[in-house]
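Just one chain follows, in the form predicted alone, and it is written as C-alpha cells.
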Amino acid sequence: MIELVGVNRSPYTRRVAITLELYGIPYRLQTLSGFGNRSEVRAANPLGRIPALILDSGETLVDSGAIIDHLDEVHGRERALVPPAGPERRAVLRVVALMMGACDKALAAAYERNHHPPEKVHQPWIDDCLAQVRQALRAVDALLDPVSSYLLLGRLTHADVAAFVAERLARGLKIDTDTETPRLRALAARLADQPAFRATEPQ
C-alpha cells in the first residue's frame, strides 16, 4: 500500500492526502513531523521535509507539487483535478501557485515567531510575510463567484484544494478570513463538509 509520510497539520501533506482521497487511492499515513521526527523523515526525504509518498514499487516521491503531478498522471486521467492543457489549466495552476506561495509565507512568519529567541525575532519580516499572505488570499477571494460551489470551471479542482489548505493555515495564524476574505472562507467551509476533506482533518 502507498504510504504518505507527514502530518495533516501541514498544508502540503494535507493537499496530498485530500488528492489521494478524491482519487480513491488506498494509502497509509505515517504520522511523522519534520520537526519532531527529523531522522525518520530524512530517511524518506533527504531534505527532512514533508510530505513524501512511498509508492508500492518502493520509489519515493517528494514535494507536494511533484507528488500531485504523479497522482494526476497515473490516477486522475479523465477525472484529473487540473485540466490537461490550455487557459483552463493555467488558471488552475495560477491559483495553486498563489495559495501554496501564501502557505510558504505564512509558515515563514510562524517559524520566525516560534523558532527564534524573542530578542532575535524580526517583526518587520513577519509583517511583510503576512501582508503577502493577505494579498494572495484577497486575489483568490476576488475570483470567487458567490453563487458557484467551486473556484473555477464549475467543478472541484486543485485550485479549491490549495485554497482550502491556505485559508485553514491563515486562520491558524489569526488572519480573520471571515471578514477579510469572506467568499474564500465560505468556500473552505463548504469543502470541509465533503468526505475527502473530512477524512483528512488533523487529529
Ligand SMILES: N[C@@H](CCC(=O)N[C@@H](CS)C(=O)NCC(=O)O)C(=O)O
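From 1 onward, residues are counted along the sequence shown. Owing to the predicted nature of the structure, the values given are computational and were not obtained by experimental measurement.
The following text describes the form predicted in complex with this ligand, which does not appear among the structures shown.
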item	value
Partner-facing stretch of 22-30, 50-58, 138-146, 156-164, counted where any non-hydrogen atom is within 4.5 angstroms of this ligand in the predicted complex	50-58
Residue contact check: Phe35 to this ligand in the predicted complex, 4.5 Å heavy atom	yes
Proximity of Val96 to this ligand in the predicted complex, heavy atoms at 4.5 Å	no
Proximity of Leu107 to this ligand in the predicted complex, heavy atoms at 4.5 Å	yes
Residue contact check: Tyr111 to this ligand in the predicted complex, 4.5 Å heavy atom	yes
Selected contact from Asp178, Asp69, Glu40, Asp63, since only one has a non-hydrogen atom within 4.5 angstroms of this ligand in the predicted complex	Asp63
Within 4.5 Å of this ligand in the predicted complex: residues from 1-34 (heavy atom criterion)	Ser10, Pro11, Tyr12, Gly34
